[in-house]
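Starting off, we have a lone chain in the form predicted alone, written out as structure tokens.
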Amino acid sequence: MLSAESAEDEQLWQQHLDSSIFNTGPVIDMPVPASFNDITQDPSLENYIGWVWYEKEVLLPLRWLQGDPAPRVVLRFGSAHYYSVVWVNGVQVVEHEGGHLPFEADISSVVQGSPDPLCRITVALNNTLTPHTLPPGSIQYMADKSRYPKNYFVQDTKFDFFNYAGIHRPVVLYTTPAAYIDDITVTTTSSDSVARVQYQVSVVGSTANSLSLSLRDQEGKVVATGDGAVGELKVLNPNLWWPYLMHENPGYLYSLEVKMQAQVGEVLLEDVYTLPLGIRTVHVTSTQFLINGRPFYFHGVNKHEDADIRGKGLDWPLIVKDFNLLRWLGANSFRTSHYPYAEEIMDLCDAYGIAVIDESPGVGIKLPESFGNKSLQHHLAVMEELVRRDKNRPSVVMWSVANEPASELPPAAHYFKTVIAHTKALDPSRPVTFVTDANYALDRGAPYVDVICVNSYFSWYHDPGHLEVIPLQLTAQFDNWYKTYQKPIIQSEYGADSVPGLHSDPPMMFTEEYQQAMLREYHSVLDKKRKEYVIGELIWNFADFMTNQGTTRVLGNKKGIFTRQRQPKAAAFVLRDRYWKIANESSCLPPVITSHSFYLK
């Protein structure tokens, strides 16, 4: 249930905690996971900014509440936008800032100290963005009382997607033994016939423990074993993790089973965790991106977690549909623009062999105050959460720390040097980038990244309607960036809006023909530069998505090659023909893939 209100009144807060929110005012049935904005017919919820309250009562199994030692009971949120305070049975158990990464709380002492198995979970959630959040924002108060009601304000943001809010990913209760496996870190290396898996396991709750590890292939055969908290597994003749269309068996995953036994008092406890594991290496040169020692060219998309009604809420049918479309398209990669995606999406990337540029929520960093120490410390904490969550995923081949920041500002140099260095220290095995659209001569973050990601919209935001300028301007863009930094480049965004069913010949802006023509102009330059130092191209965007209302947006951003309902526009077929052509040129597979067929794993 959801209740929306101003939470400035401390008495209202206390009323919510003393008893159910049903007793404090009107409530609304609200599905979880989902954004709350589009669920009801109440227009005030569409653009609501402030506190909302969620509440759910569940009965816990008695075996969770008893025992000596009793199990550890954990409450976990996949994500909630953006600032969360959580209580269980009126007792605060966790606070979390940030809207795209998981957080959890050990609630054992709360629920096991109660004689009642009923567990009341209360969440206060605030979607207000400030100059120090990720993404940043600001509140603009309209003081002119002749034009605006009293205390009228709007949330101002510098990003082009709708600020959906709510509990967007699953909320789960689970248990572990009192001593448990807290974390696992794996890195892999490989040669012609041998792979090495370095591992580190963290145990909490007991120092008197033993660990054993078994690595199994997809047929369930044990191919390597180990013991102890730190070590290395050697795999002979390994099956490597390859991206889609780069190998006949993409996305190969082993299963690393970690077993812990620990003595707690007079009881011997056991915890078991199984980690999907892909063996692959990533390396960057001045002109190439190498996966398992072979050149990899990103031909993929940018996406959004966005759909009708549920907003950013996790939706399994939609996720599976999107992956089917990616494979139909011949896409081998995507960027998680502009925030970390759900773990369920990342699981499928691992399994299907879709390479991922994993991006933080650092989008719209435009204000000078957003480069101060307060913002920096939060950005570092977000990168720690992101790396901890996704560090073991073979699909994640690069970290992106931000998108289109005001990196020309003087404070940006220290800011991004610190964030990038921190990310590399957290995970030395992956390259780091951030995505820019700034002038190459003024960009203060580029010297510290491993790959240059550039967004440009020639003949759309610049010289609108003039397709003839693209070859000259795009070539100059690439040459200037490479001459300055001598690093491989990804065209990380390009595209044009098209309204489905709107046609014009000769092509005019917003028609499907114009979107097709723009793609072809970009592709003609990319075909030349990918023979030199350009290592990828990601279309903006996979599908149309919702934005704030404005004079340049008609029910959202229409740059998708698919509609918001996942139906193809004409541009989807242009891109499909191109991606399958590139795949055939670079694949080790026999050239049997055509634009009218595609490989199913």
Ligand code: GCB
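Numbers follow the displayed sequence, beginning with 1. Values in this document were obtained by computation on a predicted structure and should not be read as measured data.
Missing here is the form predicted together with the ligand; even so, the following discussion is about that form.
Trainee: Taking 4.5 Å between heavy atoms as the contact cutoff, choose which of Tyr482, Tyr457, Tyr83, Tyr273 touches the ligand in the predicted complex.
Mentor: Checking each option against the ligand in the predicted complex, the one that comes within 4.5 Å is Tyr457.
Trainee: Of Asp390, Glu493, Glu512, Asp443, which one comes within 4.5 Å of the ligand in the predicted complex, counting heavy atoms only?
Mentor: For this set of options, the contacting one is Glu493.
Trainee: Indicate whether the ligand has at least one heavy atom within 4.5 Å of a heavy atom of Arg576 in the predicted complex.
Mentor: No, Arg576 sits far enough from the ligand in the predicted complex that none of its heavy atoms falls within 4.5 Å.
Trainee: So, in the predicted complex, is Arg553 in contact with the ligand at a 4.5 angstroms heavy atom limit?
Mentor: Output for Arg553 is yes: heavy atoms within 4.5 Å of the ligand.
Trainee: Looking at the partner-bound form in the predicted complex, is His299 within 4.5 Å of the ligand by any heavy atom?
Mentor: Looking in the predicted complex, residue contacts with the ligand do not include His299, since no heavy atom lies within 4.5 Å.
Trainee: Is Glu408 part of the interface with the ligand in the predicted complex - any heavy atom within 4.5 Å?
Mentor: Contact with the ligand, no.
Trainee: Tell me which stretch of 60 to 68, 35 to 43, 531 to 539, 556 to 564 has a heavy atom within 4.5 angstroms of the ligand in the predicted complex.
Mentor: Looking at the other structure, the answer is 556 to 564.
Trainee: Look at the candidate spot formed by His338, Tyr461 and Phe545 and say whether the ligand comes within 4.5 Å of a heavy atom in all three of them in the predicted complex.
Mentor: The answer is yes: all three residues contact the partner (heavy atom, 4.5 Å cut-off).
Trainee: Listed by sequence position, which residues of 399 to 430 have a non-hydrogen atom within 4.5 angstroms of the ligand in the predicted complex?
Mentor: Result: Asn403, Glu404.
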